[in-house]
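Quick setup: one chain, the form predicted on its own, written in structure tokens, and binding and motion questions come after.
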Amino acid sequence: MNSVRNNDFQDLITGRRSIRNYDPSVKISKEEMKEILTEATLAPSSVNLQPWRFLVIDSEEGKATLAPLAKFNQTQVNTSSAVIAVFVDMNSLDYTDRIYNDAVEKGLMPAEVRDRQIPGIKGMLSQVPVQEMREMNLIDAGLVSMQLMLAARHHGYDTNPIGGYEKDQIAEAYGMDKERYYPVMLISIGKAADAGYQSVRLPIDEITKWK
């Protein structure tokens, strides 16, 4: 396990780079990867349904399956410790009772609040069209993905978010129901082998309005 932890928030956000080339000798243990993912899932989500799902691709076999699906990102696939495929679960509403019951059992929510919220959430979201539900879930997945990348930096690793891959094939390639699990992005993760490139940002005065 990487014992170094970076708690400098300013460095975490200003030093983040999209790293494409990693040290292939560095492997993130399953225990530490679970820590990183757990920290990522502290991100907020709509009515706390946590629709994100992760597929950690770190074995030779898993990466061999991914390679033809991410043709333009071979360096990341080959050198990273892992590539994390982020999906949203279109059946996330099924977890409402479990999540809210757990909150009550852990003393985080009064039972009367749970009993009021569960019917409201199910009644509202069960009527939402699939496309709107997907869009809601994708916002939540974006939040958890960004937090995952910052959590990785906290653990001393770097990442690269990847949108250019065969999204229509990835779920089935790993035996997942493609109607239920909608792909969001790939995130390569590992120990950076180079510094990456700093990029520019548009001035705040150009992209912000004050009223």
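The shown structure was predicted, so the numbers you read here are calculated from the model rather than taken from an experiment. Residue indices: 1-based, along the sequence shown.
Beyond the structure shown, there is the form predicted in complex with a small molecule, which is absent from this document and is the topic of what follows.
- Annotated contact segment (heavy atom within 4.5 Å of the small molecule in the model of the complex): 71-79, selected among 124-132, 104-112, 84-92, 71-79.
- Every residue in the set 16, 161 and 199 has a non-hydrogen atom no more than 4.5 Å from the small molecule in the model of the complex.
- Contact annotation: residue 20 falls within 4.5 Å of the small molecule in the model of the complex, judged by heavy atom distances.
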